[in-house]
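First, one chain by itself in structure tokens, the form predicted on its own.
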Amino acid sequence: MRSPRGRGVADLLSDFGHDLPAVAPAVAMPKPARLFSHVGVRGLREPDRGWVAARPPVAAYQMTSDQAPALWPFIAGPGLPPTGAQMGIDVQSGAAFCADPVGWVLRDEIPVTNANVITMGKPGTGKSATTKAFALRMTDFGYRILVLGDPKDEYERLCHFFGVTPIALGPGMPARVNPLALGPLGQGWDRLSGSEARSRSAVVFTRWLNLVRGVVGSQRIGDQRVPFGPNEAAVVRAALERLTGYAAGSSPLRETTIPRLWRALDEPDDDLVAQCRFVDRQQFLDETRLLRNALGQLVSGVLAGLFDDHTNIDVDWDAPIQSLSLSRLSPLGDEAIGIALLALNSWGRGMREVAPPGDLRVVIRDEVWKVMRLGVDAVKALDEDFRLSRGVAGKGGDIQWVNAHKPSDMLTVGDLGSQAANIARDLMHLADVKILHGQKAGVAAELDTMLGLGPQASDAITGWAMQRRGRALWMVGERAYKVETHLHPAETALTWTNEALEGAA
């Protein structure tokens, strides 16, 4: 480079015999082809170039980050951990959606305090398939399946898949289930102290009283339910204490049956009459007539031969699944099936009252509306099952999975605002996980009123979820996830429930 006042560096070096190397001329690189070109907001004014004469109006909003979710609640937020059964796709985030109700309870960052699940949906929206897919996939994580009453044999294929034969109950069938069975609480009495024995007896008698209250309260006199008040409870408890030997200080308790209880009330001895503080035997019979007639439905009524003797079925509790089929009761009507479901609930609770640590099950309760129609006492029994889902004394713990069609299924138990209706409505809040499949607008409005879903969630139920089977809004605590369940072809064969429709087509 030549200085403006003298010779340059190249001239200086050349004086001493050194020449700088020549620099090769730079080669011009071709410019890359442009993949995109700028287009104005109105497009290009050429044929087929999307030109518009006027700019579309654009709405602008200003808000803080904590206000935005109120207008767009389905913006992908914090996802759930990848544990439990992979159910399908969370369509908001595009990630896999995994369901793990018990695991959710154990995590502080997830707003879930119980593992109960209620699923609702219009028939044909994939409610049953989602239930079976969840139960099937949870067996890979050590869970077992217990179906406490299958009115339509929907779980028969699933049982056969595991090599298990469903236990069939019905008129003329050999199987018997004793709702007053002691279950695991009938064992180990020799190792109990006096206070522990009394505490265990209280648990047993409470379960039996809830059953009898539900059975009696399911009967009607015109438009009124048969009453079961403190007097009836005292009479039943006194009879049970005498039949089991508890009144005489016997330990362990002797197992009894519904017919023996009914006979003790129908043919009372003088000691029972005196213990219940009746003037004489005739007054006892007069005051307990409705109670005895209601209990007689399990002895000589439409359900005779099902729950009137000791349990004679051998249940393999280590099998992946156990199901009690009630399809043969269909000709007897919905009320008979409801009473049968109520009796099985009591029996199943007895079988699970002392579960070993780590024994986790998915307890499926189908057609729950038939139990709801039996009255407030039947709902109280289901309410107790929900409250025991976390286990007893730190042991066991089940996922109580209830299938229903719509909110009114839960409210058919009584008039709006009644005690029965309030208890039934509260059952919805005892299930921290709710799976809401497609519904019509009227039913979605009921859900919105009951659960406070909001317009976006209601639109998802009436629109998006109705467009394809298996879509549902999963409410995990207060969080909402739009989930589309995906089935393997083998699972589709196990969960399909439209055989009757296919045969008629």
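Since the structure is predicted, the reported quantities are computational estimates derived from the model, not experimental observations. Residue indices: 1-based, along the sequence shown.
Separately, the form predicted together with a small molecule exists; it is not shown, and the next lines address it.
Each of 123, 128 and 492 is positioned with at least one heavy atom within 4.5 Å of the small molecule in the predicted complex. Remark: residue 469 counts among the residues lining the small molecule in the predicted complex, judged by a heavy atom distance of 4.5 Å or less. At a distance threshold of 4.5 angstroms between non-hydrogen atoms, residue 150 is out of contact with the small molecule in the predicted complex.
Contact check for residue 373: no non-hydrogen atom falls within 4.5 Å of the small molecule in the predicted complex.
Not displayed here, the small molecule is kept clear of residue 281 by more than 4.5 Å at the level of heavy atoms in the predicted complex. 405 is the sole member of 429, 292, 328, 405 with a non-hydrogen atom lying within 4.5 angstroms of the small molecule in the predicted complex.
A heavy atom within 4.5 Å of the small molecule in the predicted complex is found for exactly one of 308, 367, 232, 100: 367. Checking 204-212, 341-349, 223-231, 115-123 against the small molecule in the predicted complex, the stretch whose residues place heavy atoms within 4.5 Å of it is 115-123.
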